[in-house]
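As structure tokens, one chain now follows by itself in the form predicted alone.
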């Protein structure tokens, strides 16, 4: 997993809780990398899972809620760092539908070693169905990114989620 995800997670923890909490969760997780991440490095995704679990234990916030909140945070970061991805896009469904065919190829140009999830999309009226495929099991992160996207575009959406198998989750996103 790209180091940028790790550095942004730790930034979110610092902003939301404190720098001491960052130190505490790194100490508790005892990651193989030592907790020193660079945005362009590649790290085992389990290190992030371990830090989320350590944060959950300390805050008594469910891991799923923390990861969804991180997804919303990460969407804001993507908007600031990669404004070209958003040019000419006026709504969340258009943006989300472009992830697989436009965003991910652009990400791979910037980070050729990135291991990205795959998204299959179907749009029907006020409903967008996105099927997430990844062996990393970060459906909560994907849902947080979806919610962050809707917030960015000022849209109210309802997200229904269905686990299809060990590596796939279907998100049905409906505009309210």
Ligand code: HEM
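Positions refer to the first chain, counted from 1. Fair warning: this is a prediction, and the values are worked out from it, not measured in the lab.
Omitted here: the form predicted in complex with protoporphyrin IX containing FE (HEM). The next part is about that form.
In the predicted bound form, protoporphyrin IX containing FE (HEM) sits beyond 4.5 Å of every heavy atom of residue 89. In the predicted bound form, no heavy atom of residue 55 sits within 4.5 Å of protoporphyrin IX containing FE (HEM). Taking non-hydrogen atoms only, residue 32 never approaches protoporphyrin IX containing FE (HEM) to within 4.5 angstroms in the predicted bound form. In the predicted bound form, protoporphyrin IX containing FE (HEM) sits beyond 4.5 Å of every heavy atom of residue 37. Not one of 22, 66 and 76 comes within 4.5 Å of protoporphyrin IX containing FE (HEM) in the predicted bound form, counting any heavy atom.
Exactly one listed residue, out of 28, 114, 151, 62, brings a non-hydrogen atom to within 4.5 Å of protoporphyrin IX containing FE (HEM) in the predicted bound form: 114. In the predicted bound form, 119, 130, 132, 134, 136, 138, 141, 142 are the residues of 118-144 with at least one heavy atom within 4.5 Å of protoporphyrin IX containing FE (HEM), listed from first to last.
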